[in-house]
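Take a look at this one chain, the form predicted on its own, written out in structure tokens.
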């Protein structure tokens, strides 16, 4: 099978990419709106970009009619956001937060989550997440044609909050984090089936 993504409609191209690029980490992004309402939503087109400076990025799609999602509107207002790592314990709350709510609805309340004030940004952190990254907006890039536009949001990580039980030998212990990954369709995966493979020595 050979597939040319440019010849597919938006939905089929989307399914092709999300079925091939996996497992994908989930950016559970929390923001605050100009109206003072808290927002939290999951995005699985998410990655780290750079270490020094510490940059991360995630992609935000638009609604079918081209309207911006609240997460993007809020980031454009506050110039900051928080990425909260999704664990097995948070999967139901994350799924509830993926619903499309009006902008005047506090999604923390809808998902049963607790907002916590960050140290350096206005956007709230998710208290239930064991890792929170306070980010300052660096750049918003735009791709695609209306109405199916995607924006890639790049942020500088100003501070990372890590629960003590995860931190050992100056590292986050992956086996304790129990992060959840996104697959294609409506599937997710756990990160509990791990194996080690050491890199070859450099001569």
Ligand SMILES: Cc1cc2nc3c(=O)[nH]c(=O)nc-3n(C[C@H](O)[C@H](O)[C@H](O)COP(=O)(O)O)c2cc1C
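Numbering follows the first chain given and starts at 1. Remember, predicted model here, so these are calculated numbers, not experimental data.
Form predicted in complex with this ligand: not shown, discussed below.
None of 77-85, 100-108, 129-137, 115-123 except one has non-hydrogen atoms within 4.5 angstroms of this ligand in the model of the complex; the exception is 100-108.
At the 4.5 Å threshold, heavy atoms of residue 70 reach this ligand in the model of the complex. Contact annotation for residue 61: at least one heavy atom lies within 4.5 Å of this ligand in the model of the complex. In the model of the complex, none of the heavy atoms of residue 30 sits within 4.5 Å of a heavy atom of this ligand. Contact check for residue 177: every heavy atom lies farther than 4.5 Å from this ligand in the model of the complex. Think of it this way: in the model of the complex, this ligand has a heavy atom of just one of 166, 157, 41, 37 within 4.5 Å, and the residue is 41. For the partner-free chain shown, just 26 of 1-35 comes within 4.5 angstroms of this ligand in the model of the complex, judged by any non-hydrogen atom.
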